[in-house]
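Next up is one chain by itself, shown in structure tokens, the form predicted on its own.
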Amino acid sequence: MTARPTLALVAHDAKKDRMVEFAVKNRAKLDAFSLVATGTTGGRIQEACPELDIVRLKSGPLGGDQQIGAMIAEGRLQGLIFFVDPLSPMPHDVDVKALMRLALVYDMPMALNLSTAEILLRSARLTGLKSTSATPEIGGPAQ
């Protein structure tokens, strides 16, 4: 049996409602992944989608961002969906930047808003397949 790919879900406070809406709308697709989430975000998703198996890490400012960063560096994460609030100051902004930097360094698929998150969930790359521009999307019109 092949291990399911792992996807991290993170959302700033002003974007948590949007993340929950995203999870509810995409619960069938998310069920194909092992999910990890920062503390409050994971709790909110668990309340709305109790059928999803989510490992809750620490809250972002208390180390959750670093926990996810470590998973990226260790190759234990296949994708990151991080709904960022660009309009609110973040006291732990350096942690957020470090997390995004690691995703970039390791060339990991990362979505920072709803539009790219929905595209990412259809990506063959997220499921561990080598993909090119000719690779069809998962669940796309061709299927």
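Just so it is clear, the model here is predicted, and its values are computed rather than measured. In this text, residue numbers run from 1 along the sequence as written.
From this point on, the text means the form predicted in complex with a small molecule, which you will not see here.
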Just one of 72-80, 59-67, 28-36, 112-120 has heavy atoms within 4.5 Å of the small molecule in the model of the complex; which? 59-67
According to a 4.5 angstroms non-hydrogen atom cut-off, is residue 10 in contact with the small molecule in the model of the complex? yes
Look up in the model of the complex whether residue 48 has a non-hydrogen atom within 4.5 angstroms of the small molecule, and give yes or no. no
Partner proximity in the model of the complex: residue 18 to the small molecule, non-hydrogen atom cutoff 4.5 Å: no
Using a 4.5 Å heavy atom cut-off, state whether residue 96 contacts the small molecule in the model of the complex. yes
